[in-house]
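Let's start with one chain on its own, the form predicted on its own, as structure tokens.
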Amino acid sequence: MPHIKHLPPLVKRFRTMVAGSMFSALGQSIDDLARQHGPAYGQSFESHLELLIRAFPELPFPDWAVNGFIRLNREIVREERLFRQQGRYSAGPEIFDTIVTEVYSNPEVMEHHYLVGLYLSYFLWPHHHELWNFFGSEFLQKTPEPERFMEWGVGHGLLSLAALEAWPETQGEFYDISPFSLAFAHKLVTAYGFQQRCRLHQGDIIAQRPEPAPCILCGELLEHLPDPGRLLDLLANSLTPWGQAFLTGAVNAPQRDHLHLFRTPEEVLQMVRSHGLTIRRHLVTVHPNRRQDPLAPTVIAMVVERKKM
């Protein structure tokens, strides 16, 4: 398998450690993605592993990254088991404040596995890698460079990092309820040399009501909210004329902090349209090994704009 033999050195080290874990199948995911996408996949993954080393030089690599990713996957397996037994997520809208305290304000969770695990998922979960490629080809490459963009729920910062790299004259504004998310994202952009082009805002985005912008990123957020419709209303009112946003929604995707259960991609699309947004392009993606599973975790990514008056 020449595509595996020619993986860059950090990716090889990462693959070896993952393949020796309880989630050994993730090693096969790396092999499959390398086979499907060729050298570009390995080069991209390598560059992001190098970035993690520069951003977090005090942490042992690859141990901390692999262990964080494995722990995230272990939690998701547990949540998925409960979801299939109960037909609902273990959390619900009524415990949002508890999730803020136990997850987003908890360094044991955020710093140890949550953020690095989700960051790495874009290079190890095939459906997340497809979403990552869609973001690049269908949003970054097709959106005129804006003067300013916002990311709501910046999380690990991967999307904002890509936007800052693609748009060298653009200023980014990061919003998140978690101080640990903002710190993680800021370390990444600092390691890349983009820190002078970013501003950080901590708090609930709905309460902050930022000034309108021509570009908004909002990935992995709808399902985390007790009332995603309020966020969509704010999004529709926060895009300047002709502005565009990148938006994702998770369907049948149980995680500890997922509060709103979308049961079909069509439900997400309908909700987005009903809140004053037009969907220009979209992608529905599911792990290739689970396409026959009616409850398989699914992600829908959308390029949207405000409806014209």
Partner chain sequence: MDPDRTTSAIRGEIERLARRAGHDASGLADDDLIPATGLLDSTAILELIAWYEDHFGLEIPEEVLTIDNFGSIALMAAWAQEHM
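Here the rigid core means the biggest group of C-alpha atoms that line up within 1.5 Å when the two forms are laid on top of each other. What you see is a predicted model, and the numbers here were worked out from it, not measured in a lab. Positions refer to the first chain, counted from 1.
The following text describes the form predicted together with its partner chain, which does not appear among the structures shown.
- Site residues Ser24, Asn67 and His112 are all in contact with its partner chain in the model of the complex, judged by any heavy atom within 4.5 Å.
- Think of it this way: in the model of the complex, its partner chain has a heavy atom of just one of Ile206, Ala166, Ile95, Val77 within 4.5 Å, and the residue is Val77.
- Note on the partner interface in the model of the complex: the residue among Ser238, Asn133, Asn73, Ser121 having a heavy atom within 4.5 angstroms of its partner chain is Asn73.
- In short, of 247-255, 24-32, 263-271, 54-62 it is 24-32 that has heavy atoms within 4.5 Å of its partner chain in the model of the complex.
- Proximity of Thr16 to its partner chain in the model of the complex: non-hydrogen atoms within 4.5 Å are absent; the residue sits far from the partner.
- Although the partner is absent from this view, Arg199 stays clear of its partner chain in the model of the complex, with no non-hydrogen atom inside 4.5 angstroms.
- For Arg81, a non-hydrogen atom is located within 4.5 Å of its partner chain in the model of the complex, even though that partner is not displayed.
- With a 4.5 Å cutoff on heavy atoms, Arg290 counts as touching its partner chain in the model of the complex.
- Put the two forms on the same core and the Cα of Ser21 is off by 2 Å or more between the shown form and the other one.
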